[in-house]
Ligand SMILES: Nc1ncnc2c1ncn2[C@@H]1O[C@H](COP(=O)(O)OP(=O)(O)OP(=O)(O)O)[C@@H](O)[C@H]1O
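Shown here is one chain on its own, the form predicted alone, set out as structure tokens.
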Amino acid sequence: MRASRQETGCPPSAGEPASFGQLLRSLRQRRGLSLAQLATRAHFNRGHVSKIENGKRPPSVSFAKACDRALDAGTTFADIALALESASRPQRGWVRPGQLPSAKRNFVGRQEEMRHLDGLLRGAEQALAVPVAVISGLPGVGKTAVAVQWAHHAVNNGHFRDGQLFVNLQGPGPGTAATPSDVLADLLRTLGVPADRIPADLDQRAATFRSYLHGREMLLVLDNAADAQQIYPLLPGSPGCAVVVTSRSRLPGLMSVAEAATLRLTELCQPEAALLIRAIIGDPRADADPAAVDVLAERCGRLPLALVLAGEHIVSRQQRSADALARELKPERARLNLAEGDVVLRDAFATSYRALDEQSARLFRLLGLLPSRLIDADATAATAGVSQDEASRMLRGLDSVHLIHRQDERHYLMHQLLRTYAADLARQMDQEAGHIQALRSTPDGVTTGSAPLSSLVA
């Protein structure tokens, strides 16, 4: 378990997972003590200390208190040992956690992505590192559905027999992301640790969580992550575990710390998009007008969330085919209002938009009104009135959160529904819309003497 850095004087680590024994060894070495010297100070046999450091024996509370005294660590190790003891004590009615949401009945496609995740798991069976996969993509592309579908598939194949944990990290909206400390407290309670035995310090909570999972085969699904810093303290250390993260961001930094594999989701291909609509509305409605199903799939941008909302719209209104809704969605702006219950397509985009800084948000709106889906970095600089380096930086930022997609070194693409959303935002701002109108009148969409981005209406 990790002793508090404030108490031990340890410098911040790179986020590497560690067990109780590894943390004990690290602190002992930082104190300049040999194994024999710690054993003498703690009044325990040298072999006993060695087995605990090597993870071959669990720490007792008395041993942890002795280590706290010997290493001047306050109550760090005692708190962790008490939590572990409480968690490992048999409890009446306790069952292995099975927190996965239900799989989607109408799940379609994504076979290549599922095989990729299977391969990650197979490769981990011969390694000591915990496999970590990051599923990222634009809003509404079905990241959570893929993660949950694969998780059920893995469990049905005999993996993760000690349990599955699922956490909604509530990112990336400003001020909404769950804190790692609160998430760890919830996870420890789920694993049987009484509230009064959960350490207060973040590092101690993380270490307690890792130690409790040590030697177990568990899956941790971290849904809707805001950034890599939110993930670091939640990573298990035992190679029998695996972690699947979903995020609208690529989570830069996680690959270097956890050697995470990345899986970028895009919209469905046309046959799969039409098949998803068919799966929701049923064969009779789909067969009544197959061409309308194809048109509807395209007008939904082949984006899974839009396709599902469209299918549910047809079913809930008892329409006989997809034709009426396909005609209703001919105006591009109408597609943003697809909704069923409290799920609205526009809101899914708005969450990502609100997380942007001011300059990036303005550039996003600007891109929505350019004449072409193809975004040229040089033209963007001229249009926005910024340097090429600044334009490239902002475009990379939008790409990193999947609001645009890099095609090559100097070009990007924006999904048609996101482009419609961005244009709709821009039209709400007269000064910005007037600036763009001038762009539409030029052959290449580039003007000289454009107003700088900072001058556009916020």
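In this text the structure is predicted, and so the values were computed from the model without any measurement. Numbering starts at 1 and follows the sequence shown.
Form predicted together with the ligand: not shown, discussed below.
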Could you check which residue among 319, 179, 106, 176 gets a heavy atom within 4.5 Å of the ligand in the model of the complex? 106
Counting any non-hydrogen atom inside 4.5 Å, which residue from 141, 381, 355, 329 sits next to the ligand in the model of the complex? 141
Proximity of residue 311 to the ligand in the model of the complex, heavy atoms at 4.5 Å: no
Quick check on residue 145: any heavy atom within 4.5 Å of the ligand in the model of the complex? yes
Can you tell me whether residue 236 touches the ligand? I mean in the model of the complex, with a 4.5 angstroms heavy atom cut-off. no
Indicate whether residue 248 is a 4.5 Å heavy atom neighbour of the ligand in the model of the complex. yes
Within 4.5 Å, heavy atoms only, one stretch in 366-374, 301-309, 282-290, 186-194 touches the ligand in the model of the complex. Which? 301-309
Has each of 19, 42 and 205 got a heavy atom lying within 4.5 angstroms of the ligand in the model of the complex? no
